[in-house]
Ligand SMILES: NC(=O)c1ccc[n+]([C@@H]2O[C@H](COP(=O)([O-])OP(=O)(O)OC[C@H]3O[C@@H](n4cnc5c(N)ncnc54)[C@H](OP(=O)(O)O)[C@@H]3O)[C@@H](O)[C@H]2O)c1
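Quick heads-up: it's one chain on its own, the form predicted alone, in structure tokens.
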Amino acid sequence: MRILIVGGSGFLGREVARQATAIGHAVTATFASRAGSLPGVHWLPLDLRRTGEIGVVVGEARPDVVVNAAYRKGDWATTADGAIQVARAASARGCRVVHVSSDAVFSGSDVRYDECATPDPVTPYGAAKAAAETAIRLLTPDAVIARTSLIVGDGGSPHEDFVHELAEGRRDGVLFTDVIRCPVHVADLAAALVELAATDHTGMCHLGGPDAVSRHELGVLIAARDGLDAARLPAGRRADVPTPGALDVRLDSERTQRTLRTRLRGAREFLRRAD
């Protein structure tokens, strides 16, 4: 199978490219500023803000499936308009689409959200993701829209880097105790996306981990795994500051999980420190 990974140089995109290549798929991946170094991957430059490039890249890659893992917080042109144009170009060439979305499309007013929940974003990033979802479902009814939550790995994710910087005194900030999410390991998420790309799944899928944890608890788990002093992680409440954003958003991924071979582990499992 030929797979085009848009956003292939990002944290998630690299792992999707690595896994897809490892099991024998022909992978083309895009980058905005710097190509990746994964062997066996064909790299193409693509800035989603320049929509004229999108059709050219899809035409050159000639994929069976397009996986879009690209986004830029605060950038509607990339996260919304660019994603929509990727789906349009893929549809015009008869390609399957797997679009990565986010739990940011929800406000937290209902706390628990399954695949039938209606988006009600409270941030510009969430609004951009919700707009992309709506347009993609219209343009490519057979697409997979995969909502996920905080993505963590074995080091190198923005969340892990932030915890290290806080614990080592290299950055000011706070980890909220009242912001709850369902983190997922990047390897599990990538495996699920590759599985979805190779099957006949369609529609909305939720790919969050089974553990609902606060940003602060997630930080403590990362600190324990990495041998950092968790006492150095400042705790606070988003409700006490003017920072906009949803509080408690729990992706209910049980329905999607029942359809997949890939098991999505919870944060308390994949961040458990090895003895």
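Residues carry their position along the shown sequence, with the first being 1. All of these numbers come straight from a predicted model, not from anything done at the bench.
Beyond what is shown, the protein has a form predicted in complex with the ligand; the following relates to that form.
Among Val27, Val249, Val66, Ala70, the residue placing a heavy atom within 4.5 Å of the ligand in the model of the complex is Ala70. Only one of Val100, Val105, Val163, Val97 lies close to the ligand in the model of the complex, with a heavy atom inside 4.5 Å, and it is Val100.
Contact check for His42: every heavy atom lies farther than 4.5 Å from the ligand in the model of the complex. Among residues of the shown chain, His159 is one whose heavy atoms approach the ligand to within 4.5 Å in the model of the complex.
Within this chain, Ala267 is remote from the site of the ligand in the model of the complex, having no heavy atom within 4.5 Å. The ligand in the model of the complex comes within 4.5 Å of a heavy atom belonging to Asp47. Residues with any non-hydrogen atom within 4.5 angstroms of the ligand in the model of the complex fall in just one of 133 to 141, 150 to 158, 113 to 121, 172 to 180: 150 to 158. The partner is not shown here, but in the model of the complex the stretch 1 to 21 reaches within 4.5 angstroms of the ligand through a heavy atom at Gly7, Gly8, Ser9, Gly10, Phe11, Leu12, Gly13.
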